[in-house]
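Taking the form predicted on its own, here's one chain by itself in structure tokens.
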Amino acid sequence: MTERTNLSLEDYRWDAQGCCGCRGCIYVDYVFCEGAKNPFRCPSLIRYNFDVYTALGRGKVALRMLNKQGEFTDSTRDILYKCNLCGACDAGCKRNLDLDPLMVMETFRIWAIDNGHEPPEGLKKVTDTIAESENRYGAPHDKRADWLPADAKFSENPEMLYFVGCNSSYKNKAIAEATIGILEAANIGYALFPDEKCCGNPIYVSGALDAAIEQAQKNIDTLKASGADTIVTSCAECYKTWKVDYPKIMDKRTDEMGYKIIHITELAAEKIEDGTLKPSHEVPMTVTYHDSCNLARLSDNWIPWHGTRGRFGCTEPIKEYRRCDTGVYKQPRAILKSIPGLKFKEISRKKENALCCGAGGGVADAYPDFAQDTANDRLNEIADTGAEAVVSACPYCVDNLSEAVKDGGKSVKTYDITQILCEALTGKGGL
């Protein structure tokens, strides 16, 4: 095992033992709660209705492992991995105790792998596939850009590189096509990220830190060799991985990484505001917006901290906390509200209080039934808005919600925001 200077479960012992059981991690704060119908924001609590499947319970289990007071069993594995790592608990705790429950769970998974415990079979299969083929689907690496239209307009001196992601490269190709349609409509000089490989998110969430560092280094080295320093992506998972997880595993601040990562919604909202992009085609539809965890509350810049705690847990030096409040919230909404003919209705649990789609943290791979249960809960909430479609900015949210729509016989449509915007700009969004 590589010697490391960060991401040790022991470093988050205080956060595990400091929980007072206030349950702010599972409830939507009363200031934001719109009624008794949807009071929870923790998917695993909703599904399993038992405290051990919450940040409170998992923290206590982590302490038992640290204190050598029990064995890591199959039940321990389920408790640890039946979690979307969605960050809802972090958003709640930062309003109360300033603990880092999400980092307890992430480092607990790293502890588990370091101590010889494998992740659930479904998640391990994905990480093994990435190791073999550089993508999560096991598709040929040299076919990664086969989605690319013949008339794509690459720049010889690009302003930015488009990191497409595994999903949009091999599965939801319409998202990739819509994204370059937006870039070209904005007259952005772009090119594809050269020899793109999986960002490594499934590897990191499995707890395989050394393999995650290796995967990150491959992509960072490719970026450096290209001479570019700005990446645009349409995948929320890739966005968060580059912006938060790469700095986290490299033990650096996000602003020290030497590159800038932007999501297509950030770029598009800016170009709409300054008049460069002008949505002119009507999209006659009533929609609501689902905040992807990775684009929203999980996407605050990473800020490492190494120090000591004194009386009452006071930190020295003072710790800068990520409070889930600087994510990409307003830009997608601004885009949707700029589109002629489109009516926007806000959902009950939104922004930092949004309910995860159910796919995150490896859950869709390891526990697909749990993922679909959460998606169905979210779809019921979407139905309450009266919207005919739900829009997200993450291909995995679109996938999980779409699967639940199909299995449940529901009538709501699911779209990625790039498709909606490209339709409004060019009439060719694939709706």
Partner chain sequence: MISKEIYKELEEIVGPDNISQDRDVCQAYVMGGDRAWHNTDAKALSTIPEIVLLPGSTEEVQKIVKVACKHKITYTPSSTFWFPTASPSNEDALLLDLKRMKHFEIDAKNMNATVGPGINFGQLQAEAMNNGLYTMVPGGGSQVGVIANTLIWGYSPLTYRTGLANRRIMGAEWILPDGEIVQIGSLASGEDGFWGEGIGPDLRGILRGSIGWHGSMGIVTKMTVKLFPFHEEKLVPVGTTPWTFFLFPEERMKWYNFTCPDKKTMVDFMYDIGHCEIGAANTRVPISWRYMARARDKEKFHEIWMEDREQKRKEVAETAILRVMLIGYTSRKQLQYEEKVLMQIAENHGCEHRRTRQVDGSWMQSCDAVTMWWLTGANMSVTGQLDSLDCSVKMGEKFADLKEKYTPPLMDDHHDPGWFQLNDFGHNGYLEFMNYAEPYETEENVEKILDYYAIAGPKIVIDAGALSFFNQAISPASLDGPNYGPNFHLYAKKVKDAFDPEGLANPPGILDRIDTVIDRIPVLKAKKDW
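Positions refer to the first chain, counted from 1. Every value quoted in this text rests on a predicted model; they were computed, and no experiment measured them.
Not on display, but discussed next: the form predicted in complex with the partner chain.
**Q** Out of 183, 354, 199, 324, which one falls within 4.5 Å of the partner chain in the model of the complex, going by heavy atoms?
**A** Going through each option in turn, the one that passes is 324.
**Q** Here the chain is shown alone; which of 284, 310, 227, 307 has a heavy atom within 4.5 Å of the partner chain in the model of the complex?
**A** The residue from 284, 310, 227, 307 that makes the contact is 310.
**Q** Even though the partner isn't displayed, in the model of the complex is residue 370 close enough to the partner chain, meaning a heavy atom within 4.5 Å?
**A** Flag for residue 370 set to no.
**Q** Residue 157 versus the partner chain, in the model of the complex: is there a non-hydrogen atom within 4.5 Å?
**A** Judged by the heavy-atom cut-off of 4.5 Å, residue 157 is well away from the partner chain in the model of the complex.
**Q** May I ask you to check whether residue 45 falls inside a 4.5 Å heavy atom distance of the partner chain in the model of the complex?
**A** Yes, residue 45 lies within 4.5 Å of the partner chain in the model of the complex.
**Q** Residue 338 versus the partner chain, in the model of the complex: is there a non-hydrogen atom within 4.5 Å?
**A** Judged by the heavy-atom cut-off of 4.5 Å, residue 338 is well away from the partner chain in the model of the complex.
**Q** Is the partner chain in the model of the complex near all of 18, 67 and 79, within 4.5 Å of a heavy atom of each?
**A** Contact check passed for all of 18, 67 and 79.
**Q** Residues in which of 358-366, 380-388, 393-401, 59-67 have heavy atoms within 4.5 Å of the partner chain in the model of the complex?
**A** Answer to the contact question: 59-67.
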